[in-house]
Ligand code: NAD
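Next comes just one chain, in structure tokens: the form predicted on its own.
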């Protein structure tokens, strides 16, 4: 089985670093034309230059701040007015800050809801007509294993990720008749800037060393290591491919077995 995304146009959010960057890189290697989405235009310019073009791919980017959904909507409108149909959308946004749910301010919930669910909705609404017309659509949401089991100390994230999970399942039911699949990837502890921030925060609160917190977290993982961003990208590539045409409305953990449920 060889995944081939040649001729497909993919939009990958959060593509400047971490999991989103790994997905964009892999999609380009598999032949897709990739549009990167993230806040920092300077970083995106560098990432575009690094993407594979050996199969004649053409890549570009949209610099947008997901805390400003109307701005995102306008930039997407200009992009989609170009003669280009997007077949693949990867919704991926950095998670809210750590903290207890009971201590979170209302604006923290509102901002997380905007960044994750509202902007996901804008992206899907903007691209779905092209997916319908082409008869091929793959919507892949990078969420969290907290969709299955809430994670300690990530109150706002647990709440919003659950909302995105149910939104995704609803869309899968609505869009399946158009040959559009909607699936969620649930990364576990992955070697990204966010994991580093979480570890540093735990170490500070618990008065432990970084190494101690690292070891404590790894003890919860049957495979006894953190994931590499590329390992989530492999799952995304499969879900984006023709081989996953009959898979929709699922949560796929990529967590080394950490989630204590099926």
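Numbering follows the first chain given and starts at 1. Note that the structure is predicted; figures quoted are calculated from it, not measured.
The next section is about a form of this same protein that is not shown, the form predicted together with the named molecule.
The stretch among 128 to 136, 170 to 178, 101 to 109, 141 to 149 whose residues place heavy atoms within 4.5 Å of the named molecule in the predicted bound form is 141 to 149. A heavy atom within 4.5 Å of the named molecule in the predicted bound form is found for one listed residue only; from 87, 120, 184, 190, this is 190.
Residue 64 belongs to the set of residues with a heavy atom inside 4.5 Å of the named molecule in the predicted bound form. Looking at residue 18, you'd find a heavy atom of it within 4.5 angstroms of the named molecule in the predicted bound form. Heavy atoms of residue 155 never reach within 4.5 Å of the named molecule in the predicted bound form, leaving it off the interface. Among heavy atoms of residue 14, some come within 4.5 Å of the named molecule in the predicted bound form.
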